[in-house]
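The form predicted alone is given below as one chain in structure tokens.
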């Protein structure tokens, strides 16, 4: 029996969450707009027995007004995450089941995990707050796309998903995807910031209100790596749990179904990223590109494989 009142509340909270995240994006934009544009500094370095000047990225002297906008943005993001969690809680209460039994619920949960991961990182390392606009803007676009194209009325699970493995396999898939979402964005920002720092080191003065306020390339690279290190075992467990569930449901552990295949491809890409981080010649930008490719594979797996291709997973639209 579906509680229509709670289901309607869930839908309303979804719209409220999108609105709060949108306001957070505006606040993050204001923070960048009111930030002081600071030219790269110069430092003396030893060169050929003498000294020479070298340009180094300047630390941003953040005005109070920009700082206030940043705090407003973080506050809106936190409130938005709480409302976002309410979407899933009320949907689950309305249906009497875990609220990730279709693509609408799965996508909503993945985006929530990504927001929570960003908040944890930003609260632990305040400089990472400055990537907020690059996390929240994709979050808003994702939420709008989920609401427009993936929405499903609250209802019971299809028979094939009525298993305890739903709580294990799909939950870990949601966690892994959400973590990789933030990691991929951190790698994109690393690629942008490292290019900026390379220009500064070469003596150029590339003034950019946005890029110079990003965390250092080293901090972004470290964030991307640590989040993959955290998410990779979770995704590994999700793939293994899916195989065990497949044996229980279909009598085989692995059948190269499109969803299984692309989940494994994603696992290989992230394993390659972790390996590249320890391999000479692949550290830095090459490994970051591998991480970005991993995020692309995850998005492809969620959208194209579920919505276009056909397979045993097509009934639920879940990982």
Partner chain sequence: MSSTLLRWWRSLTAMRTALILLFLLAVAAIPGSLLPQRSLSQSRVTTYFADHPDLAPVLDKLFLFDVFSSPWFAAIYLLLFISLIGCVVPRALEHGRAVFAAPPPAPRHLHRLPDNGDVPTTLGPTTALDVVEEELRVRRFRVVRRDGAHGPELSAEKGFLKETGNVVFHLALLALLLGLAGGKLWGYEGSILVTEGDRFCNTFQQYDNSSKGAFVDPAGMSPLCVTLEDFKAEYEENLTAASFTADIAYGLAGSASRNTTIGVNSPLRFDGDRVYVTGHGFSPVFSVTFPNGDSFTDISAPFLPSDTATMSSQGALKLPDVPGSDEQLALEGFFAPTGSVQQGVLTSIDPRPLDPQVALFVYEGYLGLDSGLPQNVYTIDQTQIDRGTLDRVGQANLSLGESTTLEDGTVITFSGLKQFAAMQVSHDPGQVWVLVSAIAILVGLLGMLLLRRERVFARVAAGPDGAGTVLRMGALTRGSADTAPRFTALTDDVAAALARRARTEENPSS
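Owing to the predicted nature of the structure, the values given are computational and were not obtained by experimental measurement. Numbering follows the first chain given and starts at 1.
There is also a form predicted in complex with its partner chain; it is not shown, and the following applies to it.
Taking the partner from elsewhere, residue 69 is found to have every heavy atom lying beyond 4.5 Å of its partner chain in the predicted bound form. Residue contact check for residue 134: none of its heavy atoms lie within 4.5 Å of its partner chain in the predicted bound form. Under a 4.5 angstroms non-hydrogen atom cutoff, its partner chain in the predicted bound form has residue 258 among its neighbouring residues. Taking non-hydrogen atoms only, residue 34 never approaches its partner chain to within 4.5 angstroms in the predicted bound form. Look at 136 to 144, 110 to 118, 231 to 239, 185 to 193: in the predicted bound form, residues with non-hydrogen atoms within 4.5 angstroms of its partner chain sit in 231 to 239. 159 is the sole member of 148, 123, 159, 152 with a non-hydrogen atom within 4.5 Å of its partner chain in the predicted bound form.
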